[in-house]
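Take a look at this single chain in structure tokens; it is the form predicted alone.
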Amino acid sequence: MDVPREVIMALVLISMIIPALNPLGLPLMVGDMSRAWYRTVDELPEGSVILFDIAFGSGGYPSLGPGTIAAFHQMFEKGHKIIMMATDLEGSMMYPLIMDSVKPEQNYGAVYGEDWVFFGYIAGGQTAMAGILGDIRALVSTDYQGNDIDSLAVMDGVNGADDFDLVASITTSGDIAEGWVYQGYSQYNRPVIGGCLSMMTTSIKPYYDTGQLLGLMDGIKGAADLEFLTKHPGDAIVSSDILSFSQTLVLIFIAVGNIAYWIQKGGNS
């Protein structure tokens, strides 16, 4: 009952530092939405074509970057072809950070232009989505590096929605998340999976519940789930370890404090 507050805060701080320096790999209760994302990608035939929108910037990277990295690990590991774009202006800056972590050439023998391409930022929100799904070459003629897309093997036979086996987006914007449902699912009848910040989940989850989204990555928790499922642990699992370890300690403090209170109260009575 008389433990100084500073001691308790110091112990909580230590409980956060330990898993940060040495991740413990504590067990995760993988959510159904994350498992559905993983299963949707896993069940695609090898060589399937995926349209992927990196629709977040530096502010969303801590929550959504780890999940995007895990998602690309799974897609490259399965041998899928990935057509990448960004409907967020900063998405073009997130792309090299993500690829530096995934290292598709080194880890999977993937080749740029043959196994994936990045178009860069395409302005217009749903207009850009409709353009890519309707007629790619009417909207985009070169990739982010300035290459003619007709010169890239990955673009052979890829012209619009019918050529995409899956549409995926990870975003900090509700308009973008809903836009891909409207355009990808409702307009072009493509299977769609999505990722968003945890605070957006209440507004995006209904699309998952009704089957318009086949999977949903829910912020840092969903990112940790994907890292666990893909067996590529990263920053999200570290964050999960920190939260689990420190909050377990807090619960122990609460339990001990209540027990001590009732023992003391019983002794006084």
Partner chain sequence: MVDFRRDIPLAITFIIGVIAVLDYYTTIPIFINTFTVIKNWGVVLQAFALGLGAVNLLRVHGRRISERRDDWYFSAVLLAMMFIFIIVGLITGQYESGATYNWLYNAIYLPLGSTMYSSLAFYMAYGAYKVLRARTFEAALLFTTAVLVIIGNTPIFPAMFPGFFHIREWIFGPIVGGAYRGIRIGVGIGAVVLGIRTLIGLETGYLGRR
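Residue numbers count along the first chain shown, from 1. If you're wondering where the values come from, they're calculated on a predicted model, not measured in any experiment.
There is also a form predicted together with the partner chain; it is not shown, and the following applies to it.
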Though the partner chain is not shown, can you say which of Asp165, Glu105, Asp135, Glu77 has a heavy atom within 4.5 Å of it in the model of the complex? Asp135
Ok, Ile98, Ala130, Val117, Val158: which has a heavy atom sitting within 4.5 Å of the partner chain in the model of the complex? Ala130
In the model of the complex, does Met94 come within 4.5 Å of the partner chain, counting heavy atoms only? yes
At 4.5 Å between heavy atoms, is Gln145 in contact with the partner chain in the model of the complex? yes
Is it the case that Arg35, even though its partner is missing from this view, gets within 4.5 Å of the partner chain in the model of the complex, heavy atoms only? no
Against the partner chain in the model of the complex, would Lys221 count as a contact residue? Criterion: heavy atoms within 4.5 Å. yes
So in the model of the complex, are Thr40, Leu44 and Ile149 all sitting within 4.5 Å of the partner chain, heavy atoms only? no
Just one of 66-74, 226-234, 45-53, 202-210 has heavy atoms within 4.5 Å of the partner chain in the model of the complex; which? 202-210
Of the residues spanning 171-195, the ones with some heavy atom within 4.5 Å of the partner chain in the model of the complex are Glu178, Tyr182, Ser186, Gln187, Tyr188
